[in-house]
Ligand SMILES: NC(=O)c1ccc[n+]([C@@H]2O[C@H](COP(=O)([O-])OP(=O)(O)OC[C@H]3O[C@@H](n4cnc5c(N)ncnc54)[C@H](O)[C@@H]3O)[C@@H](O)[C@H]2O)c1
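The chain below stands alone and is given as structure tokens, in the form predicted on its own.
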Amino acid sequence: MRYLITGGCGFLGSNLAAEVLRNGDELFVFDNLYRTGTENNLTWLKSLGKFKFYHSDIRSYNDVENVILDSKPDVVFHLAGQVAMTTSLDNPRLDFEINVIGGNNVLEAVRKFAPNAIVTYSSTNKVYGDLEWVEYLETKSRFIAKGYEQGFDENVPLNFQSPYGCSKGATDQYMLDYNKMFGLKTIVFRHSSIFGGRQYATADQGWIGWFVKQAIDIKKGLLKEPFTISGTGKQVRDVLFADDLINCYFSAIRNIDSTQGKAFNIGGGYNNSLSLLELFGELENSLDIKMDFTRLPVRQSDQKVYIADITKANEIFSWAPLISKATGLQRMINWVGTV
């Protein structure tokens, strides 16, 4: 099998690339090395095995077409994207170019030159909007979405909000439509919060990794002032460790006859849900520290609660997470501590 990974030096991309190398398949990596940590991930991947690297830009149709023609992929993991809500608000045009034009570049190049390839797309729970139409209960440590305690399934109405939600949502829908109109074998994964090794988290993206870093800096005496959070800290997400996501992707492509043309909500599910305050409690107990923080206003279009109902993925391609949030968090602490 020949695998092309756009954004292959990012967090998800490098983890998937490593799995391709472990399986002995042919690997092609496309990345512009823009994000923090991508050059480190490229160096790490080179230590694992041989592959072809394209230092290219997803916004350039010429770049994408040339790579598709050269790599002749059987599978395209399309992960290249602008992934931060805050960046989309600061620079909506950049967000549009990367996520919408970039996504269409991939679809068009595949349609013309690799029409039998499987294409997966990493979408987001943000395609469902801020979910403010839901009634919320408030406990000491978290919000609860009344009527959706076990999570939100794929029947929740799409509601694109924010430049990021619009750009990711547009390509989400283009992926499904190219299956209907042109017969491309596309799969859409609407991710909740993913974390794990090779994630160089920032304050804008990768919240588990970012707060683990704050905790370790507190432990080392490097953080002299309280860190900041947006909102009350009671907002909830389900978290999924990277190894489980890798299993999800490969299981879905093995079952392409059943998965193509479909969207799946992918996350850790209710049992692996966490609020910020609950995460801080786990880190305090694990590292024997006190996490002092100050509150900032709630971020625009933020969801009080998002938990993925992963029933559809389980029923159609027999996937479910195997790594608990506690185990994943300890692995994350170990990895961040080495960076």
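Source: prediction; values computed, not measured. Counting begins at 1, following the sequence as shown.
Only in words, not in the display: the form predicted together with the ligand, which the text now covers.
A residue is said to contact a partner when one of its heavy atoms sits within 4.5 Å of a partner heavy atom; G81 meets this definition for the ligand in the model of the complex. The ligand in the model of the complex comes within 4.5 Å of a heavy atom belonging to T124. When the ligand is considered in the model of the complex, R35 lines it closely, a heavy atom lying within 4.5 Å. Though the partner is left out of this view, F77 does not reach within 4.5 Å of the ligand in the model of the complex, counting heavy atoms only. Interface residue among V100, A114, I194, V236, judged by heavy atoms within 4.5 Å of the ligand in the model of the complex: I194. In summary, among the residues N314, S301, S56, N66, the only one with a non-hydrogen atom within 4.5 Å of the ligand in the model of the complex is S56.
Comment: 163 to 171 is the region of 218 to 226, 69 to 77, 163 to 171, 135 to 143 lying near the ligand in the model of the complex, near meaning a non-hydrogen atom within 4.5 Å. Contacts with the ligand in the model of the complex, taken as any heavy atom within 4.5 Å, map to no residue of 142 to 157.
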